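The chain below stands alone and is given in C-alpha cells; this is the form predicted alone.
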Amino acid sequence: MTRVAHTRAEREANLRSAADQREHERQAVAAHYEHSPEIFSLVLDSRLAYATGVYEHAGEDLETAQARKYARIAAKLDIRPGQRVLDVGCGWGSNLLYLAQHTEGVFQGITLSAQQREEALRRARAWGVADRVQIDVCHVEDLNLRPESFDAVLFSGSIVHMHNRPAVHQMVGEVLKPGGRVLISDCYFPVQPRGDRDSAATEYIFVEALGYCRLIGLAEELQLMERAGLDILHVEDLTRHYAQTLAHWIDNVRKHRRTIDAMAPGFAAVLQQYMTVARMSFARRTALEYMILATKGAPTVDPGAWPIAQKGGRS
C-alpha cells in the first residue's frame, strides 16, 4: 500500500527509521501528557477522558456526555467475566477504570507518560479495582504479547499518535483471540482535502502542542484493519460531538487559566490555542471523528442488539 504523507510532520516521520520514529513518539508525545493531572482535572471530566464525549443535544454538559461515551464503549466491547482487555494509550485510566468498575474483566494498559500511569494506578487503588489492573509505561511497538491472549483491544484518542499503523494493526490481529473485539475512537482526514493540511495551525497542533499526530483517511484505517484479519462491524461518525466536547474544554481552560498558569506557565495558552483550532476543524469537517468496532472472526454479539445507553449518568 502506498503511504501518502498528508502533513509535514508525517513526511518527516517517513524519513526516520522505525526505531527512531518510536523514540520520537516516546519523547515528543509524552511531553504533553507529563503535565500534572491536576491541570487536566480542571479541563476534562472527572474521569479525565481526553477524547470526545457523546451528546444528545447541544445544551448537554461534559460529564453526562463522557458518561454516555464510557457506556457506549462498554456495550460495544461486551467484556465478560475473566476476559482480558488491552487499553493502548490508556491515559489517566478513564476508559480502563470505567470498564474495570462495570465488568469483571482483567485489564492491561500502556501509556508513554509516567505521570498518567501514576495517576491511573492511584485511582485504581482508590476505586477498588487495582487487583485487576496493570499499567505500564511502554510504546505499543515494544509490547511482547502472546498470540491470542486478549479478548478486546481499545484505542481511544491514542492511535493518532502512532505512525506505523500497519505494525499496530498487525499486532492487534495477532494478540486477539477468535471472536475478540477492537474499538478505535479517533480523528481522521477526509479523503478529499479540505483546507491547508500544511498550515501553521496544523503544524501547531500536530507538533508543537501534541508532539506527533498522524491523521489518515477512514478507508485507509479500515483497510489496514482488514489486512490484519479483522472484520469491520460498525462505524459511527462522532465529528459534531468532538466539536462540542472541545467547546467545553476551551471554556474550562478559560475559567481556570490563572490556576493552570500557576502550575505550568504558558500551558493554558497552548491548550486553548490547539483546542480552538481543533474545534473549528471538526465544526467545518476539515477533520473527522469516528468510532470503529471490528472483530477477529465471527462476532460474539449482534450489532443490532447492543444495549447502548441513550442517557449517560454520572457514574
Partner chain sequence: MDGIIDNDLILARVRALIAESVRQPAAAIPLDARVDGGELGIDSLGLIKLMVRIEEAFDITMPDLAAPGAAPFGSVREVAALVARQVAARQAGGGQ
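Nothing here was measured: the structure is a model prediction, and the numbers come from that model. Residue numbers count along the first chain shown, from 1.
Another form, the form predicted in complex with the partner chain, is not on view; read the next lines as being about it.
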Original post:
Do A209 and the partner chain come within 4.5 Å of each other in the predicted bound form, heavy atoms counted?
Top reply: no
**OP:** Report yes if any heavy atom of W127 sits within 4.5 Å of a heavy atom of the partner chain in the predicted bound form; otherwise report no.
**Re:** no
**OP:** Give a yes or no for M280: in the predicted bound form, does one of its heavy atoms lie within 4.5 Å of a heavy atom belonging to the partner chain?
**Re:** yes
Original post:
Would V191 count as a contact of the partner chain in the predicted bound form, using a 4.5 angstroms cut-off between non-hydrogen atoms?
Top reply: no
**OP:** Could you spot which one of S41, Q272, T64, T286 gets a heavy atom to within 4.5 Å of the partner chain in the predicted bound form?
**Re:** Q272
**OP:** Only one of A114, A219, A200, L145 comes within 4.5 Å of the partner chain in the predicted bound form by heavy atoms, so just point that one out.
**Re:** A200
Original post:
the partner chain isn't shown here, but in the predicted bound form, which of 252-260, 47-55, 27-35, 286-294 has heavy atoms within 4.5 Å of it?
Top reply: 252-260
